[in-house]
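Shown next as C-alpha cells: one chain only, the form predicted on its own.
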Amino acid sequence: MSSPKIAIIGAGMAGITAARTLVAAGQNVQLFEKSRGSGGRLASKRSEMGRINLGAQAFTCDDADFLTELQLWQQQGWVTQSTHQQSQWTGIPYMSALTRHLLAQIDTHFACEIQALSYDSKGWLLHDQHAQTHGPFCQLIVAIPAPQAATLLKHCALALAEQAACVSMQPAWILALGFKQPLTVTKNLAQLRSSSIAEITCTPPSSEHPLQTWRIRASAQWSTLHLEDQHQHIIAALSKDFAAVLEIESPVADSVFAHRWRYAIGALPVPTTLLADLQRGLYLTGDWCICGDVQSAWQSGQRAALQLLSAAGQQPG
C-alpha cells in the first residue's frame, strides 16, 4: 500500500467516522490521538469499580443514515438499544469499546499530541510533543474540540481558527463513587438536581462492575467555578453534595476518582456543513460543528470525509 496521504487529528467519533469513510473509499489514512486510547467523549476509565464511562452514558439517534449505521453496529454486537427509549443507544460493554471496534485496522498513533502544523508545496506537516515530524500529507482533517482546534490552527489557518474560536465550550467535572455495601436509595435519580449536580446515575454490582457505582456529573456553572481545583477538593465537595441531594449521611466510598472535561459541552451558534480550506486540503470536523452530541460527531465526520473525496474528484465506497 502507498504511504498515507491523509492525516486525521483526533480519535473521537468524528475523527474515526471520517477515517472509516475514507478507508471505505480506498484511501490510506493515518490517525493521530493525544490520549492513550480512543473515544473522545466516549472515553472510559479502568477502576476498581470496573470500566466507567467518563463522557456520554448513552446517545440518541433521529437521523436515518446514522440509524442505518447503528443497526449494522448492533448486528456486530457493538451497541445495544435501550428497551425503555428506542432512540437511545449505548456501547457494549462500555462506550469506548465501540470506538475500538470502529478503529479496527486503521493506522493510529496513540499518545501522540500534535502541537503544531506547517504547510508547504509538498503538503501538511504535523509536529508532535516529542519534536517529531509526520508527513507530508496532501489532506488534513482536524477532529478535536473547538478551542484546541483554534489554538492549533491560529498560525497556519487563521480564518478557520477564528471560526472555531466562536464556540464557547463549558467544562464538566465527573465523580465516580464505588461501594462494596450498596447504598439503598428510593428517590428517582432522573429528577435529582442541585446547583452543583446536573446528573446522577447508578450502576448495580455485576460481573463487569464489582462495586455499586455512582456517577455524578457536576453542573457546567459549578464546574466552571471549580475548573482548576485539585481532584481531592472536587471529590470532597461533590461527595458532600451527593449525600445532601440523596438526603443520606455522607457515605465513605470504597473506591473513588474525579475526572475533568475541560471542553465538555458546546457547539457553533449556527450549525455548519463545511469548515474547510479546500485549496490546501484542510478540513475541520467535530460534534461542535452541529449540535454537540454523538450523532453530530458522526454526521460531521462523515461530511468532512465526503467533502474531501468530492474535492479530490472521488466517490465514497
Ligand SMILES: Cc1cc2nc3c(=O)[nH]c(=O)nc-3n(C[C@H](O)[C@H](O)[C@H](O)COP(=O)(O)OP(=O)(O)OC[C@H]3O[C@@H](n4cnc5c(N)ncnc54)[C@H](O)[C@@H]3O)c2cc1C
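Each residue number is its position in the shown sequence, starting from 1. This structure is a prediction, so every number in the text was calculated from the model and none was measured.
Just so you know, the form predicted in complex with the named molecule exists too; it's not on screen, but the next bit is about it.
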Discussion item. Since only the chain is shown here, I'm wondering whether His209 would be in contact with the named molecule in the predicted bound form (any heavy atom pair within 4.5 Å).
Written reply: no
Discussion item. Taking the named molecule as it sits in the predicted bound form, is Gly135 in contact with it (heavy atom to heavy atom, 4.5 Å or less)?
Written reply: no
Discussion item. Is Gly178 near the named molecule? Define near as a heavy atom within 4.5 Å, in the predicted bound form.
Written reply: no
Practice prompt. Find out whether any non-hydrogen atom of Ala304 is located within 4.5 angstroms of the named molecule in the predicted bound form, and reply yes or no.
Written response: no
Item to complete: Note which of Ser35, Ser47, Asn28, Thr272 lies within 4.5 Å of the named molecule in the predicted bound form, where distance is taken over heavy atoms; exactly one does.
Response: Ser35
Discussion item. I have Gly39, Ile174 and Val294 flagged as a candidate spot, so tell me whether each of them has a non-hydrogen atom within 4.5 Å of the named molecule in the predicted bound form.
Written reply: yes
Practice prompt. Would you point out which of 137 to 145, 157 to 165, 181 to 189, 234 to 242 contains residues with a non-hydrogen atom within 4.5 Å of the named molecule in the predicted bound form?
Written response: 137 to 145
Practice prompt. Just give me the residues of 9 to 31, first to last, that have a heavy atom within 4.5 Å of the named molecule in the predicted bound form.
Written response: Ile9, Gly10, Ala11, Gly12, Met13, Ala14, Gly15
